[in-house]
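First comes one chain, alone, set out as structure tokens in the form predicted alone.
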């Protein structure tokens, strides 16, 4: 790494890669550091993303698409299966990625645009000058060196150590972090063109089980549950093992990973003097699904654009960088995060009996476009008796 850059990105995931690529394309001197020895590993993600969402950034490359998805299936606690065909499934229609190849490709795009990339390089502390972030101390090859930057991007995921070191409160309440475990399984009978979500307090309290195809007889099979539900005998791994024993007893596990997903509200402020926070570090994962690939890429690209504009003006103060904070909050993404958090809080109160009732009601609807907001609205139209159950959502209808 050089001793000084215009933009320094901490983290080589999709958000960090988009921030680096965007800024480099605008002529900035960009450095990106990733603490792991290889980009994209270990995979801590179900790897699903909507087709229209990924196409907002690039033309999909077949080399990093494991499966094309054209429908989603919701399985109620009572076992009732509701299929969402393409016209209803919205952003659930798309791809299951090979994140190892996908992430590597994004970082290579950043490198091709001119960014310097270094793996096995860990940020261990920010450089602070008069209360402003001025780069980071980077540990690599057994030594710690200062890398100065006019703007630093914290793209270090759910742990978000860098932003915390800069004085930002990034704590996530235990009840608002999904603790997850996922197997990559083969030799299992699945629908290779459908993602499947299992709901219910018996299979995944305050969360869900997912089956995301990665081939004809291969899939990511995982579970996420609320952190407050974890205890001996009721850990995510316990729920997953029970699910696999029931549904895929003859399947073979070839990989497994663990991780956490923030399903809280975003940080109150995602900039500081000389600092921009993106992706999971900014707590912008979808509060309902936990999905974060698109959200990271959207905020990463916006961070790169904002940094370039601020540097061109010679002002990288928090006030100058607030264009980024306002930009994502006022976007379609920001509005959906705000709405989905409220909806998530309501759905956490539902018993399995009420979940069954809702899913059965949804299955009888004729929705030309499936979305969370449309579902809630149509539920009231088709079954007015549900109005009392949905009164907690009246402010967002």
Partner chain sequence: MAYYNGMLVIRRDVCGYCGCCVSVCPVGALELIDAYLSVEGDCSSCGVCARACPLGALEVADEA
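All figures in this text were calculated on a predicted structure; none of them were measured in a lab. Numbering follows the first chain given and starts at 1.
A second form of this protein, the form predicted together with its partner chain, is not displayed here; the remarks below concern that form.
Every member of the trio 181, 231 and 259 reaches its partner chain in the predicted bound form with some non-hydrogen atom inside 4.5 Å. This chain is displayed alone, yet in the predicted bound form one of 171, 254, 143, 193 has a heavy atom within 4.5 Å of its partner chain; that residue is 171. A single residue from the set 126, 291, 213, 227 has any heavy atom within 4.5 angstroms of its partner chain in the predicted bound form; that residue is 227.
Just one listed stretch, out of 236-244, 71-79, 126-134, 196-204, contacts its partner chain in the predicted bound form at the 4.5 Å heavy atom level, and that stretch is 236-244. At a distance threshold of 4.5 angstroms between non-hydrogen atoms, residue 344 is out of contact with its partner chain in the predicted bound form. Put simply, residue 26 is far from its partner chain in the predicted bound form: not one heavy atom of it is within 4.5 Å.
Its partner chain is not shown here, and in the predicted bound form it never comes within 4.5 Å of any heavy atom of residue 105. In the predicted bound form, its partner chain lies within 4.5 Å of some heavy atom of residue 161. Shown without its partner, the chain has 35, 36, 37 in segment 3-37 as residues with a non-hydrogen atom within 4.5 angstroms of its partner chain in the predicted bound form.
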